[in-house]
Structures are given as C-alpha cells and as structure tokens.
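Taking the form predicted alone, here's one chain by itself in structure tokens.
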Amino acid sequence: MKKKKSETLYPLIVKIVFVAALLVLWEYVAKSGLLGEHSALIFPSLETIGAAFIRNFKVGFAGSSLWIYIGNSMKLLLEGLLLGIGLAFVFSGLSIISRTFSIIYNFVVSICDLLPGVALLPVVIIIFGVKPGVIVFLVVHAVIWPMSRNILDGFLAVPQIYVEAGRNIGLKGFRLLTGVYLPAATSYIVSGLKVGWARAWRGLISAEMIFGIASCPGIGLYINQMRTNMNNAEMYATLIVIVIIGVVVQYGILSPIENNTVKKWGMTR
C-alpha cells in the first residue's frame, strides 16, 4: 500500500518542483531586466500575467469575454473530434471486413497523415470560403488519420489465435470486428485518442490564429488580437488557459479512460 502511494506521489512532486522552478526562473528574468528596456514587455512578471488572466475573463477584447472565445473553440473542437473519431472507427472497421478497402484505406492514411492541416487551409478556404465548417474540417483531418493509423496497427497486432478462436465460434465480418479485433486493440485505440486529441487541439488553435472567423471567434483569434495590440501579458495568460484546458482533458478524461480500460485489464502498465 505504501509503495503504491509513493509511486503515485513521487511523479506529482517532481512535476510540482519542475513547474515551480520554471516560474522562479521566469520571475527572475522578468525582474532582472536581462533583455534591456523591452524586458518587461517580453517577459511580464507573474503578477502582471495573473492580473491579465483575470482581466481576460472579466473584460476580454472588444466587449467579449474570453469565455465566449473558449466556448466557440470547444464547440468546433468537439464537433470535429466526434466526427473524426467516428469516421476513423468506421473506415478502420471496413478495412477488416473488406481486403480491397483495406488496401485503399491504408494507402490513403499513409498519404493524408503526412499533410499538415495548415497546408490544406488555403485550398479549403478557396473551396468552402471562410466559415466555421472549415475549422471543423481541419479538426477532422487532424484526428482521423493518426486515429486510423493507431486502430489499424492495433488490428494488425491482434494475435492470430484470437482471430481463429473467434471464427471457430462462428464470428465473422462485423461480429468478428466487435468481438475480437476492437477489444484486443483497445490499448492502440486509447493511444490513438491521445494523439488525435493533441493534434486536433493544436490544429484548431493554429487555424484560428491564421484566419480567425469573426462570426465564431476562438482562442487562437484571441491570442492574435492580443499580439496585434501588444497586450503580451494577456497573450501569455491565454496560453496558460490553453495549457489548463489540455491538462484537464488529459488527466480528467483521457487518463481515467486509460486507467479503467487497458491498465485495469493488464494490457499496459
């Protein structure tokens, strides 16, 4: 019991000490003026950033609180994530049922996974125009290929004896997929969720920073607005918000999913 508690506590202490050291270093650079007269602008003090953090939510920009920007970003992100994850499962599942589809889809994944969403942005804007759906499309693009790659790799890693056992009890097609392949590839699927979420989050912020949509302003646009107006403290505070959202999703959603599936079942440590 004590060993288990220490194994959980030690990583937490290391993380806290590391973050504290970074904050001390930041404050030292901010207060020492190492970068000359622009030091306070480039490295605002922690107190200034803290005040800006509160101001972002109370005042925001042009009468709109940061809450509005966060809400818009999370709405588009959720739509893209659900659609991308759903399509990844459907197409990856079809690749098990149909050998011809498997050859084609593996080829498509290999190509599309190498294309950054930002590189597709000009083409998508030309075709569809500047609208929230473009952001959703880029999120789907960021999710579906790494997610599919992980699922397909998981299917390939399923021991053949499991597949033969499933066939011996009469499973085939869709039933073989849900009864053997998906449960056996759970660790790969969870890993794919982590990678897909991270790519989608980065892709969303990047797209919003490049061509923020006035009708649906997101966090990326807010950061750009702060940079344009030289509100560096507010900009850094918004970056902290992005990190907080990422940490909440990682440890509040993805980690519990992992702990209650693959770790609980002994499929990974």
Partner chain sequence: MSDILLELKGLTKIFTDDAGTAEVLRSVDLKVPEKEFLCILGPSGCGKTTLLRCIAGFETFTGSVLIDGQPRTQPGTDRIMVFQDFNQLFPWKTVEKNIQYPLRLSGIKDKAELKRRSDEAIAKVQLTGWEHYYPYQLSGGMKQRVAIAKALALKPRIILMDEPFAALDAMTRRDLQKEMLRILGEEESTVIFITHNIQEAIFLGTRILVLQPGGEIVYDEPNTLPKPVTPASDEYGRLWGTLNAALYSRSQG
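Numbering follows the first chain given and starts at 1. Remember, predicted model here, so these are calculated numbers, not experimental data.
Below, we refer to the form predicted in complex with its partner chain, which is not included among the displayed structures.
- In plain terms, the part of the chain that comes close to its partner chain in the predicted bound form, with a heavy atom within 4.5 Å, is 156 to 164 out of 119 to 127, 192 to 200, 156 to 164, 78 to 86.
- In terms of contact with its partner chain in the predicted bound form, the residue from 134, 74, 184, 94 that brings a heavy atom within 4.5 Å is 184.
- Proximity to its partner chain in the predicted bound form, defined as a heavy atom within 4.5 Å, holds among 103, 169, 90, 111 only for 169.
- Taking the partner from the other structure, its partner chain in the predicted bound form has no heavy atom within 4.5 Å of any heavy atom of residue 138.
- Taking non-hydrogen atoms only, residue 175 approaches its partner chain to within 4.5 angstroms in the predicted bound form.
- Although the partner is absent from this view, residue 152 stays clear of its partner chain in the predicted bound form, with no non-hydrogen atom inside 4.5 angstroms.
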